[in-house]
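Here we start with a single chain on its own, the form predicted alone, put down as C-alpha cells.
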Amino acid sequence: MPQLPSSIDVLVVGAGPAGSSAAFWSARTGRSVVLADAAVFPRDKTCGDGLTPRAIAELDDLGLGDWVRSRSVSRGIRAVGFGREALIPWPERHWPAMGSVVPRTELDARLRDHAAEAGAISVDGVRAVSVVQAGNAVTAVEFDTPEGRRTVRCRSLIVADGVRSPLGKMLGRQWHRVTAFGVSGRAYIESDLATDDWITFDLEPRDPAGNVLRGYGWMFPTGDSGLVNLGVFLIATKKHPVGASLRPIVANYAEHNRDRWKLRGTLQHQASALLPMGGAVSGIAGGNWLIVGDAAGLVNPLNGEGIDYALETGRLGAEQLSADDLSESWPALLRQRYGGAYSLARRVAPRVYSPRVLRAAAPRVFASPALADRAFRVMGNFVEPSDRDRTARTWRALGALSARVDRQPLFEPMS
C-alpha cells in the first residue's frame, strides 16, 4: 500500500466521487497529488446509488463512460403516487439521455482507482486530525495512520470528506440548518425488477401509521446483482424535523411495496444519513484550500441528488487551484453556477413535497407528458444558462430573485 509522502502539490482528503474527481483532474495537470481517506476501500456510503445524465456526462469526461454503461442503464423516471403513474424519459439536451445505478461500494472504488491510474497517490485508512495554517492558507495536514502520526505539507488542499466534513469543521466550515435539509434511509433487497431500465420515484411514501410523508420513496434497480436499492428521502427543517427513526419507515415502505416491486427476502445493509443541501454552508474556502461535494452542501434540495455535483465540483475545484486566493473566488463561482437553482429549490422543496400539494398536483402532472417533463426537468436541475425556452427562463428568473432575498446566503464566505 502507498505511504503518505511528507510533501505534495495537491492534497485531497476524502475519496468519494468529489475527491476522486478532484484528484484525477489535478493529476492530469502534472501536479503531484495525494488522495487520502479515513476508510479502507471498498467501503459503503448511504446513497440511492442513482446516476443522473449530469453524472453520466462527468463520467464520460473522466473516461469512464464505457464502464458505467456496462453496469446498468436507465431510460428515465417512473413516477408513481396518488393512483397515477408516468414514465418520464431523461431529457435530451446537454447531457446523455441516460442514467445508471451503481452501488457506491463499486462506484467509489472505481473512481478512486481511476484517479490513481491518472497519477494520484491513493492512500486509505488514514484520518486527518489537525491542520497547520499560515494566515488563511493551509500549509500541512496531520494524519493518524497505522504507523502513527504523519504530517503532509501541501501547496493546495481540497476537502471532500462528506456530509459531516470533520476536516472542514477544523477549517471553520459550518452547516446552517435554517433552510431545508434532507434525511434519507436506504436498504438493498432482492427483486425480480433488478434489471428494470426505469428508476422509480414514489411521491406517496407512508410511515407505519399510514401517514403520507413529506418526501419521496425510491426503488432503483442495480442490474445483474439481483438487488434493488430502495429507500425514503424526507425533507426537514430546523423548525420541522422528521422526528422519527428511518429504519422502521424504510422497513414499512419495503413491506408496503413488496408485491408491486416483486421483492424477495429481507432488507440488507440498512443505513441512514443527514444531507446538508442547497449550499447552506459557510467557510468553504481559504487562501489555498476549498471544499467540494457533499461537504459544501452541494446537494439538490428537490431530489437529494449529490453525485453529479460532487463530480462536477471536483473538476471545477481542480481547475481553480492556480488562483491567488480561493477564499472569495470559490464561493463566488459556486453561487454563479448553482446559486439561483439551489436557493429556489431549498425554498420550495418543503412546499412541493407537502402531501396536500402533491395530492392535488400529481394527477394533473402525471396525465400530461409535457407537464411531467417540465416538472422533472426542474426538479432534476436540468436547466443550463444557454436554454432559452419558457421553463428555463422562468426557473432562472425566480432563482435569481430567491437568491437576492435569501436570509441565509449560499456558500457564505467566512467572516
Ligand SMILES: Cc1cc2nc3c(=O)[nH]c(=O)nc-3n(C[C@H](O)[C@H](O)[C@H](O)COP(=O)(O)OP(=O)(O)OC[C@H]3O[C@@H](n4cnc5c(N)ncnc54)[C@H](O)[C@@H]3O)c2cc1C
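Don't overthink the numbering: it's just position in the shown sequence, from 1. Bear in mind the structure is a predicted one, so any value in this text is a computation, not a measurement.
There is also a form predicted in complex with this ligand; it is not shown, and the following applies to it.
Across the options 303 to 311, 146 to 154, 76 to 84, 335 to 343, residues that bring heavy atoms within 4.5 Å of this ligand in the predicted bound form belong to 303 to 311. Interface residue remark: Ala23 is not counted as part of the site for this ligand in the predicted bound form, having no heavy atom within 4.5 Å. Taking non-hydrogen atoms only, Gly162 approaches this ligand to within 4.5 angstroms in the predicted bound form. In the predicted bound form, Pro166 approaches this ligand with a heavy atom inside 4.5 Å. Residue contact with this ligand in the predicted bound form: Thr46 places a heavy atom within 4.5 Å of it. None of Val281, Ala180, Ala254, Val299 but one reaches within 4.5 angstroms of this ligand in the predicted bound form through a heavy atom, and that residue is Val299.
Taking a 4.5 Å heavy atom cutoff to this ligand in the predicted bound form, the contact residue among Leu234, Ile249, Leu275, Met219 is Leu275. Every residue in the set Pro17, Phe41 and Val126 has a non-hydrogen atom no more than 4.5 Å from this ligand in the predicted bound form.
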